[in-house]
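Take a look at this single chain, the form predicted on its own, given in structure tokens.
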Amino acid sequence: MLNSSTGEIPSQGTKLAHADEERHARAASGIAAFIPKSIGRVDDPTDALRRLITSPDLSFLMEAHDGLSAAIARQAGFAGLWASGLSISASLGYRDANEASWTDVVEVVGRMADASGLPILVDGDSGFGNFNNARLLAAKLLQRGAAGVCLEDKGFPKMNSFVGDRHPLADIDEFSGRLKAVKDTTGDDLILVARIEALIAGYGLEEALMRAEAYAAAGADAILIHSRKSVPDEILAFADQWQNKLPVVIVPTKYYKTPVAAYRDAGISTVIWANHAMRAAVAGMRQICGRIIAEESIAGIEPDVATLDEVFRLLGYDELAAAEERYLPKHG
């Protein structure tokens, strides 16, 4: 079909780009999910994520692991999402040890994008292999609506950072190659966050800073520095010495008692609440299932679960009813 303004036949890439834009517009405008507390249309997820990460104000990303949790996070008022590898794996019945495939992750991220319209930073683990796997993952995530990908400097398969003590780090040059491959493939269309696991693996601040310098040179847009300690001392020390050469992203899962004022004072860019929707779901479902089997009734739990009407409102059933009125033939 000819472009009416230029007389040219659009390429397949142009058609795909236009289709992707339309899909994001539909999701952001509320067609995919009804959001009572809308934060407004997100025209370009990558630009939106870039603004969050580079903002002088502290930003927050909320974990989600499927379309429902993504819609709930947006309804709560979050401006961006973290597609957690741990949470997606758990929701699929897998362990966070690369048992879920990269295609599993891409499929879930697409559903999250459709349901929320929010910018999504995806936990890409270590890239599911070498540079070639990493760039293929990044390209597919971009096609499915992701705004950014975070790669950690481990090998494949990786293990969750809070499980055991076997966390061998990737060679700096080899991991830098993975980052370069992603950047060469996606350019500025996908935010690239380099996650440093040196502190997790038992190395000191010097190793973490050396890796940060190398990953910045390889094209990373931000640095995620990770720790498994219950206090944020090594994270804050890293931020102090790094001096915001690139924005710093943190995941305070273990040092959760730290007030966010400490992160603002340290010049941290972004805080990721990394697994709490999934953990809340586990706790809630366990409690309700336990009560139902013990009480042999659902009468007692009804006040403690979401109503069906809440679910219908969250997922836009009213829009479907209005669409039926508009598009279905009238009989009578």
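Since the model is a prediction, treat every value here as computed from it, not as a measurement. Each residue number is its position in the shown sequence, starting from 1.
The next section is about a form of this same protein that is not shown, the form predicted in complex with sulfopyruvate.
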### Heavy atom within 4.5 Å of sulfopyruvate in the predicted complex - residue from R135, R211, H226, R144
H226
## Note on the structure
Exactly one of L86, I72, A239, V249 comes within 4.5 Å of sulfopyruvate in the predicted complex through a heavy atom, and that residue is L86
### Query
Pick from 76-84, 230-238, 178-186, 215-223: which stretch has a heavy atom within 4.5 Å of sulfopyruvate in the predicted complex?
76-84
### Query
Would A48 count as touching sulfopyruvate in the predicted complex under a 4.5 Å heavy atom rule?
no
### Task
Mark N98 yes when one of its heavy atoms lies within 4.5 Å of a heavy atom of sulfopyruvate in the predicted complex, and no otherwise.
no
### Task
Evaluate D153 for contact with sulfopyruvate in the predicted complex, applying a 4.5 angstroms cut-off between non-hydrogen atoms, and reply yes or no.
no
### Task
Classify S91 as contacting or not contacting sulfopyruvate in the predicted complex by the rule of any non-hydrogen atom within 4.5 angstroms, answering yes or no.
no
### Query
Which of the residues spanning 155-177 lie within 4.5 Å of sulfopyruvate in the predicted complex, based on heavy atoms?
N160, S161, F162
